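Presented as structure tokens, the chain that follows is alone, the form predicted on its own.
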Amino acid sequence: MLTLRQRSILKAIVETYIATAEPVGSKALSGKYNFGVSSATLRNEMAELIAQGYLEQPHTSAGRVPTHQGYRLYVNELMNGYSLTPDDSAELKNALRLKIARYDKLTEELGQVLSRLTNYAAVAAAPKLSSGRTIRRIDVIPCDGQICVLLVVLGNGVVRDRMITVAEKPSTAALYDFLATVNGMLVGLEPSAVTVGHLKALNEAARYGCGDIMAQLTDFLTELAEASGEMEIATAGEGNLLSYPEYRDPDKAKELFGFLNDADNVEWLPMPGDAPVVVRIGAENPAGPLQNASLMVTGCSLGGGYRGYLGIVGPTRMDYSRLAARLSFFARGLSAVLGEAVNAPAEEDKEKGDEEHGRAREETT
């Protein structure tokens, strides 16, 4: 159990080491922080932090550096919340002016953007289906009352169905037209290849009582994608790590770079649920090449009901507070941008849809 003073000293050492990458001695610490104690007392407290596993001394005459245990305590209990500066916000908002058309390129593009924003290696992951699971047909079968059955026939012959409840059943003609549009756009595609434009057009086509069906169909297709257990993963910006002294050792850098370049599964990637950001420090990572690094991951909505994951990889001496704030902001902004791209029709499309709806109502009166 650490005293308040020991916690303050540990916090100061972590933050100084993050900023300088140099072991921190008692003299440098007392010159920068006013703990109200002598250098000898500081050395004694630092020795206790070493004994408890929060600090280590690389060389006999050197200062102290945090251990993975020290970083963990810092992340969990000691670090302050980081408030984005106006420059931070402007940079992140500019990065969110994304023009992403295809989901099969999404992970690549997001990884590249995130690596530029953080100057670390970045990873992005999104759900996908195997090639044998392309969509062959989608149907909606009306039943009694407000009950319908969604039917999805996949390319490998598998049939998936779900019973849904709708607020109001569409007319036979409206449902026929809607399903013709759905099948015309989606048959032959994997969900990972569905574009933002497809989803936007389908939402526009879901008029005259079909909007409720479209919303539940989107959810159903998303679950089918995630149920496949496959995720597409992309990494970017590994070269950024060469600017950090921790990776001046060629062997150490080669091991981590090789792992990131060859990453073809997401077993090593935590997938946050309710937690905004998950941080794995050093040995907390199951993959050996990451056990001298830190990994920070957050989840985000990719539009159309899909959920993806964004992360950064770097030395354990990363600025956790600042990076967590930037990662969270980017993920929230990305969710909003892609959600709007899918659900918010262009003004001219909306006006056209309203005109068509008006003409249809006149024809039926």
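This one's a predicted model, so the numbers in the text were calculated from it and none came from an experiment. A residue's number is simply how far along the shown sequence it sits, counting from 1.
FYI, the form predicted in complex with the DNA isn't displayed, but the following is about it.
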statement: Contact with the DNA in the model of the complex, heavy atom within 4.5 Å, among Q52, S335, T41, S30 goes to T41
field: Candidate stretches 30-38, 323-331, 293-301, 309-317, one within 4.5 Å of the DNA in the model of the complex by heavy atom
entry: 30-38
message: Although the partner isn't part of this model, could you tell me whether Q57 comes within 4.5 Å of the DNA in the model of the complex, counting any heavy atom of the residue?
response: yes
task: Although the DNA is absent from this view, report whether R7 comes within 4.5 Å of it in the model of the complex, heavy atoms only.
output: no
- prompt: Any chance G63 has a heavy atom within 4.5 Å of the DNA in the model of the complex?
  reply: yes
